[in-house]
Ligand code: IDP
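Have a look below at one chain only, the form predicted alone, in structure tokens format.
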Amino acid sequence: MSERTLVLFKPDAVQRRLSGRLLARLEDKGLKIVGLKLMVVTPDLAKQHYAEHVSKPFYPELEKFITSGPVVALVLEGPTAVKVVRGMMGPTNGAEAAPGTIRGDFGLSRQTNLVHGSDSPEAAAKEIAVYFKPEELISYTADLEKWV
């Protein structure tokens, strides 16, 4: 069964010019891009995305980081896309992430951890709606889907 997930290449990934490499890894896995844009997360958008964290003591630093530069926002589609992307990202702290994961290969920090991926299909639906209008998402059948 196919599902969609939101992925953000955070400001540290964009500043380090890793976006193309990270996107290639996700596509190589067989995930299909159905939405893609370069954008700056505003404080208001950050509050919508991280609504459950706004009152927590770490939130000001989180907002400062996610609004510090451009991000690449993606909607990816594929069988169990949420679980697949979460596995590819690795644990939040890059210093503890296994080699072969995005954070294990490119990250050393918990705070600057390169990438966000939705943690459930329900969260994905909410997060996608924060970053993308319905008309910005493209539904299509890729010829290679039968091979993935």
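Numbering starts at 1 and follows the sequence shown. None of these values were measured; they are calculated from a predicted model.
Same protein, other form: the form predicted together with inosine-5'-diphosphate (IDP), not shown, and the subject of what follows.
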Triplet Lys37, Thr67 and Tyr131 all within 4.5 Å of inosine-5'-diphosphate (IDP) in the predicted complex via a heavy atom: no
Partner proximity in the predicted complex: Thr101 to inosine-5'-diphosphate (IDP), non-hydrogen atom cutoff 4.5 Å: no
Leu62 within 4.5 Å of inosine-5'-diphosphate (IDP) in the predicted complex, heavy atoms: yes
Contact test in the predicted complex: Ser120 vs inosine-5'-diphosphate (IDP), heavy atoms, 4.5 Å: no
Non-hydrogen atom contact Gln111 with inosine-5'-diphosphate (IDP) in the predicted complex at 4.5 angstroms: yes
Answer range among 39-47, 26-34, 52-60, 75-83 for contact with inosine-5'-diphosphate (IDP), defined in the predicted complex as heavy atoms within 4.5 Å: 52-60
inosine-5'-diphosphate (IDP) in the predicted complex - contacting residues of 1-36, heavy atom within 4.5 Å: Lys10
